[in-house]
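Just one chain is shown here, as structure tokens, and it is the form predicted alone.
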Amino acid sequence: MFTQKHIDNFSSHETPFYFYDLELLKNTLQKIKTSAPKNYHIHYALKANAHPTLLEIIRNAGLGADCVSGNEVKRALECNFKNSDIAFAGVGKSDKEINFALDNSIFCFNVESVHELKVINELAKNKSTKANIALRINPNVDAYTHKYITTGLEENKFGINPYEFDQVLDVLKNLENINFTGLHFHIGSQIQDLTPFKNLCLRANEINKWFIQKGYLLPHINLGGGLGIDYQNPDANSIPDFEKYFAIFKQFLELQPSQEIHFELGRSIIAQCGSLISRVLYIKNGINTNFAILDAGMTELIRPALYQAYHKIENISKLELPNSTKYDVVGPICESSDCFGKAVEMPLTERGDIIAIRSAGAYGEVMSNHYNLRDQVKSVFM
């Protein structure tokens, strides 16, 4: 919740900018530590937000790194995450990225195809080393989320399907530079109903038992991430219910005592501590629609345009006034899709008012771009 202290601080900064509440981030990390069983290993997903200031706090809390590009691996190393705590996923790892990760002896490659297995083996052979790999499995579990962020169905591009398992094992037998160390699952993002996680556990149990029966008792099982946040009520629910989340896995996941359990949380850690702060440039009143035109646009927060995603929008210059007028809150980009929200109720809004677009800590700054030759905006921390 924003206070007069925030508003006074914001007035000294050029807008737009990303604002991060570091106390909330630290409280969120502490809640994870107290909620997760001691044998659970948490990797933070850098794709949600890779700002070095935030990564330092996350690393200091004892989390590892989950990366989906070579540059994310590089960023994790630059921010002093341990090599042994870095996992590298993604369906299209380039040779350059794989070689970089091999040179830095990361914890594990999460491999998504038979062809990728062969490529990693060949590159590792060229370096006279071995690569630790986990197979990313497509469990065909529906996350019941937006189609663009569902990843665990057979129709998605991610992972190895169960009908390929025998083929994969046949190939692995001949790959001398591969250490097969785990299984990896990830079914989607922004999951709020915990039922899909229960279904994931049941499916992971079946698949893990299948590999054990084939003689592969694997050291670690990675259940991915995907826990959602409350975009509608960012103040009332600023920290997700990690206790209920981890309790699902504690109750339904059936692994062998020697197997480590790994997760890769991103949005649920970082989203609520960030907001996009903007100013009103113009008010454009019409017969049917009033527009509040901001200096921030889809270049700073693309989720509403890309996913039709909801973010709470507040006129924090007038927190004490009741909502009275509806506005389409839009940006300056030369695209009709550059809209943060339609018919948003706010107090009577004027040029210069400060607008906060909430829950932008995940997939905000990290997805920003320079379309229309826009400047990269800065980050402010409190």
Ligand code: LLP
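These numbers were taken from a predicted model, which means no experiment stands behind them. For every residue, the number given is its place in the sequence shown, counted from 1.
Beyond the structure shown, there is the form predicted in complex with this ligand, which is absent from this document and is the topic of what follows.
Please pick, from 291, 211, 252, 307, the one residue with any non-hydrogen atom lying within 4.5 angstroms of this ligand in the model of the complex. Contact residue from the list: 307.
Answer with yes or no whether residue 45 is in contact with this ligand in the model of the complex, where contact means some heavy atom within 4.5 Å. Residue 45 belongs to the contact set for this ligand.
With a 4.5 Å heavy atom cut-off, would you call residue 300 a contact of this ligand in the model of the complex? It does not: once this ligand is placed as it appears in the model of the complex, residue 300 has no heavy atom within 4.5 Å of it.
Check whether residue 272 has any heavy atom within 4.5 Å of a heavy atom of this ligand in the model of the complex, and answer yes or no. Heavy-atom contact with this ligand at 4.5 Å: absent for residue 272.
Using a 4.5 angstroms cut-off on non-hydrogen atoms, would residue 265 count as touching this ligand in the model of the complex? Answer yes; at least one heavy atom of residue 265 falls within 4.5 Å of this ligand in the model of the complex.
Of the listed stretches (273-281, 198-206, 184-192, 124-132), which one has a non-hydrogen atom within 4.5 Å of this ligand in the model of the complex? Of the options, only 184-192 has residues within 4.5 Å of the partner.
Which residues in 346-382 have a heavy atom within 4.5 Å of this ligand in the model of the complex? 363, 367, in sequence order.
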